[in-house]
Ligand code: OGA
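A single chain comes next, written as structure tokens; it is the form predicted on its own.
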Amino acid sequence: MTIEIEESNVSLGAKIRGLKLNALSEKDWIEVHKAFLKYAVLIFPEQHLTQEEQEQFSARFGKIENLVDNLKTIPLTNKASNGELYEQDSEWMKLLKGNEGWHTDSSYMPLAAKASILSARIVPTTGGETEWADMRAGYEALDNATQKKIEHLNAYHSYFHSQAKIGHTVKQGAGYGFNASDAPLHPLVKTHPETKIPALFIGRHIHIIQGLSEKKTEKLVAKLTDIACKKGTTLLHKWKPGDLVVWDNRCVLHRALPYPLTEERLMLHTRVAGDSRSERAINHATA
């Protein structure tokens, strides 16, 4: 089969057809990787991979990050193991609620994520889409004065802080990062290690920018987010069962959209750790 690449009508994203990800040749992988670097978000409709096949595909991008409870892939679902839907105010649903804010995966960890892979198993009748925003285009959209203002600024990222902002107190534990005292420090502008294109590195996990007060931090991050996440730089995907999407956390923000919590939604999420030479936090360089 011939690979078909359908570009989106915005600054990022493409649908890839004509491939079976569970039987990917080396030649096809080279084409997929080239498209990944160019488009930053790749949508593979109706692949219907098993969890093992998803992890094998994810490993093409690098070392899979151990997530909560050291799992390589976690189910993002509103249904508990007993078959009942979680209560809206449950601990787990509060964690999922945080995903509705613009963020990049694992920025609150010493080693930020390189790529994320998400596949759909069960989707609600309405809502539950995922949206991505192009931080390369976001950086380009800034005026020269703003670019100069932020080019040497660094920000602390904290999962505890970002969840607290939505009224959720996260308990200390593996997979949830660090408190403000040792939160990872990342630059606001990062040069992509492979494409060499500068991009904003922002999102809801930013706790405070070095040299700025919390109030000024919130004001600046809100301004950057408003500029970067607008029509023309965002891509929305309505899921169908079997769809798989991979995106580049080094230059993309993403968020989940709400859906009726009376309906089941089940997604499988796998995350690829970043390269230590480019995704390691400034203040954890020796980790």
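Since this is a predicted model, take the numbers as computed values, not measurements. Heads up: residue numbers just count along the shown sequence, starting at 1.
Heads up, the form predicted together with this ligand isn't pictured, but that's what we're talking about next.
Peer 1: Evaluate residue 164 for contact with this ligand in the predicted complex, applying a 4.5 angstroms cut-off between non-hydrogen atoms, and reply yes or no.
Peer 2: No - in the predicted complex, heavy atoms of residue 164 and this ligand never come within 4.5 Å of each other.
Peer 1: With the partner left out of view, is residue 130 within 4.5 angstroms of this ligand in the predicted complex by any non-hydrogen atom?
Peer 2: Residue 130: yes, in contact with this ligand in the predicted complex.
Peer 1: Using a 4.5 Å heavy atom cut-off, state whether residue 256 contacts this ligand in the predicted complex.
Peer 2: Close contact exists here: in the predicted complex, residue 256 approaches this ligand to within 4.5 Å, heavy atoms only.
Peer 1: Just to confirm, residue 114 within 4.5 Å of this ligand in the predicted complex by heavy atoms?
Peer 2: Heavy-atom contact with this ligand at 4.5 Å: absent for residue 114.
Peer 1: Can you say which of 25-33, 247-255, 216-224, 54-62 gets within 4.5 Å of this ligand in the predicted complex, counting heavy atoms only?
Peer 2: Heavy-atom contact with the partner occurs in 247-255.
Peer 1: Give me the residue from 76, 142, 93, 71 that has a heavy atom within 4.5 Å of this ligand in the predicted complex.
Peer 2: Of the candidates 76, 142, 93, 71, 76 is the one lying within 4.5 Å of this ligand in the predicted complex.
Peer 1: Which of 191, 99, 147, 210 has a heavy atom within 4.5 Å of this ligand in the predicted complex?
Peer 2: None of the others qualify; the residue that does is 99.
Peer 1: Using a 4.5 Å cut-off on heavy atoms, which residues of 90-113 contact this ligand in the predicted complex?
Peer 2: The stretch touches the partner through 99, 103, 105.
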